[in-house]
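Next up, structure tokens for two forms of one chain, structure 1 and then structure 2.
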Structure 1
Amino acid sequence: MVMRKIPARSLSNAGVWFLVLISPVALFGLFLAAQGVDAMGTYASMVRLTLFTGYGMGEVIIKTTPLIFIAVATCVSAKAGIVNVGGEGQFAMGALASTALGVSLGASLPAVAGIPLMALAGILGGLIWSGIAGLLKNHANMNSTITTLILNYIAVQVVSYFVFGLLKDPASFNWPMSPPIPNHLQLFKFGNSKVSITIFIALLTAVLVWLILGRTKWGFKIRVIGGNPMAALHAGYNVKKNQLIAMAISGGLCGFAGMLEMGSVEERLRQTTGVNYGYLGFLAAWMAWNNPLLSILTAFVIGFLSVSGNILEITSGLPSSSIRILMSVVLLAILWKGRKK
């Protein structure tokens, strides 16, 4: 029997990747030490409390679920050659639309009708929001990176408008939040945890999108359009129409994620719904080279880091925002290493 030899180059490559991922951790460790925090102990408890306790793992899964959706959504538009950094706004609009429906009609609807209707509203909410950016690109040649980012800031105000106004919970003592979504419209949760079936829906969606992009005729078309729009035009593809469709799917997925979040974890709409998810999801997709399957992994890493931030706050008294520093340094290290050739 001959042992398969591992080529030396891939070994050294793995070594470089190891260095790339470990050096930000070391750097942030020094930063923690400079703040008078026991870095090693903090790291140890971060890993132990997130990955090795049921509660911590649950939190990581909860954080990872919307990130998978937004990352996969980013992949769809990226393959068509459009940068969608509006996951945040699209997520928020999906959450808003589905909450509005759930809260206003919820009591009169049985779950069989209510949940799909809420999902539809969520998808529509996100789709409309990304569609605006798509139409602005098609009809006014406006850059999607910029329009989707600006639309994020508008979405925050739209959501605030509703949670302070029409959708405000009369029983909330002036807290800006919507009433809870009726119990029978909530999604199935495991035991007493907040972990619900949404993680499986996210995983399934990632696989499905991966198959559609990689194995179908439309996926091929989209990849040609994203790869070389001139070639796509010569092949007779309708570039604008297909890019708009890709953008609509992208926003629809984000909106759907917003609905799932409302129906499982958040249960009611707040001003902060979706904050930061957009950028993190975008960066997860980017780290995964816009591959939906790989996005599951990168979303998990970012989800783990997010939860670690909360643990950092509890164990060392540092604000949870400090984890953003670690996260960006990790991302910068990956950027520095560069794409696979």
Structure 2
Amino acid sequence: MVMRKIPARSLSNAGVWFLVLISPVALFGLFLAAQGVDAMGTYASMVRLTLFTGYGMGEVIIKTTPLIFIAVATCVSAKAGIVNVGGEGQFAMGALASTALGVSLGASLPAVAGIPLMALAGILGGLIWSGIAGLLKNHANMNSTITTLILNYIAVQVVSYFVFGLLKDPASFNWPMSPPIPNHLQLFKFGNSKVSITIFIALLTAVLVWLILGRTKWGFKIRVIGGNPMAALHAGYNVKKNQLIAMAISGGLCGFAGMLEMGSVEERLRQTTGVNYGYLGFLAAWMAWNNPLLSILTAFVIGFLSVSGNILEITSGLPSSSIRILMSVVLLAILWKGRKK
């Protein structure tokens, strides 16, 4: 049997990667120690209670699913050269549109018609919201980072308007929330948990987007446009049109994620629906260098850290927001490594 020798460069790269990933953990351990917390015991509890218990793993999957969608959506627009920070707003508008349809017409629609219509409403909600940013970039030359951030703020206010007004549940005792989506329009869940088939839809979507971006002519065109718009123009590509399409797909994916969240986890629209998912999904995409398949891994890491923040609060007494320090340091380390490539 002939053993292949591992190239020294690969070993060196693996060593650098190990340092990149372990350094933030060590730094956060020092932070915990400075607070009088047993860092090793806390880390052990975080891993054991999230990855090795059914409830913990279920929570990680629930957190990870929308992050995969938003990260993949961010990859699509990024490949076309557009920074889309608007996943939060597009997710919220998709959730709003699908909930509005579900609670207003759901009782009269069978599941076979109602669920696809809710999905369509969610996609359209996110698509229209991202399309606004795309049009502002194409026709008014406005910075997409700024416009998508502003649209996030507007989307939150629009959702608040509806949950305090037109969609407010009269039986909610003045809590700002919509009526629940009818049971027959909710997605299949496993057992008594909130874990649903949406995780498989998210994984399939990531693979499909990866194939489209990497294996199709349109994907090639988008990558050329994102890499060098002037070269794309000289090649005869319609840069603005394709960027607008990429932005629409990006928003549609976020809106679809909003619909799936309503149909599986949330079951009704709230003022806080989707809060932070957009920004965490954006981070997941950037940590994966806008690779849809790698986004699955980075979304899982962020999902794990989000859930383990609650465990950190319980076991150490520190606020769960402390875990965001670790997430930020991990992101900075990965971005540093990417910059060195």
Partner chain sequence: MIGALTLLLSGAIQSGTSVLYGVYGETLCERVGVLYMGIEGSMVLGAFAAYMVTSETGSPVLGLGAGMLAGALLALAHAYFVITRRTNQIATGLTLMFLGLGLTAFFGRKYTSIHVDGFRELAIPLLSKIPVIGQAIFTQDPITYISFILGPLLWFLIFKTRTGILFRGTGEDEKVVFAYGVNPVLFRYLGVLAGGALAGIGGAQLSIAYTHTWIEGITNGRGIIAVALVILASWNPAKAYIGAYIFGGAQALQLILQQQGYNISPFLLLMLPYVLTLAALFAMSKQKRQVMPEELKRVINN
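Here, rigid core means the biggest group of C-alpha atoms that superpose within 1.5 Å across both forms. Note that the structure is a prediction, hence the values are computed from the model and not measured. Residue numbering: sequential along structure 1, first residue numbered 1.
Undergrad: Does the form predicted alone correspond to structure 1 or to structure 2?
TA: It is structure 2; that copy is the form predicted alone.
Undergrad: When the rigid core is used for the superposition, does A26 move between structure 1 and structure 2 (threshold: C-alpha shift of 2 Å or more)?
TA: The answer is yes; the displacement is at least 2 Å.
Undergrad: Taking the rigid core as reference, does V275 move its C-alpha 2 Å or further between structure 1 and structure 2?
TA: No, V275 moves less than 2 Å.
Undergrad: Under a superposition restricted to the rigid core, does L51 display a Cα displacement of 2 angstroms or more between structure 1 and structure 2?
TA: After core superposition, the C-alpha of L51 moves less than 2 Å between structure 1 and structure 2.
Undergrad: After superposing on the rigid core, how many Å does the CA of I314 move between structure 1 and structure 2?
TA: Rounded to one decimal, the shift is 3.0 Å.
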